[in-house]
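As structure tokens, one chain now follows by itself in the form predicted alone.
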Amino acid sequence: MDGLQNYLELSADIPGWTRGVEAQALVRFCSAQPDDAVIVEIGAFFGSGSVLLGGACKVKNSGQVHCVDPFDGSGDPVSVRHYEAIIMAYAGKTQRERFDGNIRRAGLSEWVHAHQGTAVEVAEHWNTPVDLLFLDGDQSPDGARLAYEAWSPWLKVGGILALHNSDPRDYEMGHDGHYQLTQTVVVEPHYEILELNGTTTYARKRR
């Protein structure tokens, strides 16, 4: 983890929600992927998680991160409240400009690639098997389900699915989509649950 400390610190300076042990776990799972791994992050916002994933690839000198986001502050109503407050506090540049700037300052432009659009829109043109799929976009039940259905077919058997905000707790209405996935489809025998780290569930696809 020592070689990754720089990226953990850079990520912590960018507005986001994957922090502390959760950030370390995301880096650990990304670093454990095979050579030339394809990493897909659904929901990038300002790039805090993207820096963690891209940093892990750069330190390993292998793999590519593809970040999918409409970059317009949209999502489930609970998340949008937070997005709007942050975007207002960082006024002067668009969300996409903030993302690109953060990736560039982290020295990760060769490792992190943005795909602007919704999860469903981008998946329509996707054609590459995925080693690690990090779902952290629209957290509404419908939004989470649509993202999962669009991208899970591309996840390799043996690949890792990470679901942010999926721990058992009391959720605000309309914000529990990823938790619902862990109760309905991300279950045996289709997935092997590896761990719940903070609010993020990690599962290995079995079939």
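Just so we're clear, the structure is a prediction, and the values are computed from it rather than from any experiment. Start at 1 with the first residue shown and count on from there.
Another form exists, predicted in complex with a small molecule; not displayed. Remarks below refer to it.
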| property | result |
| --- | --- |
| Contact test in the predicted complex: G16 vs the small molecule, heavy atoms, 4.5 Å | yes |
| Non-hydrogen atom contact W126 with the small molecule in the predicted complex at 4.5 angstroms | no |
| Partner contact for S74 in the predicted complex: the small molecule, 4.5 angstroms, heavy atom | yes |
| Exercise: P70 in contact with the small molecule in the predicted complex, heavy atom 4.5 Å | yes |
| The small molecule in the predicted complex: contacted by all of Q95, D136 and Q139, heavy atom 4.5 Å | yes |
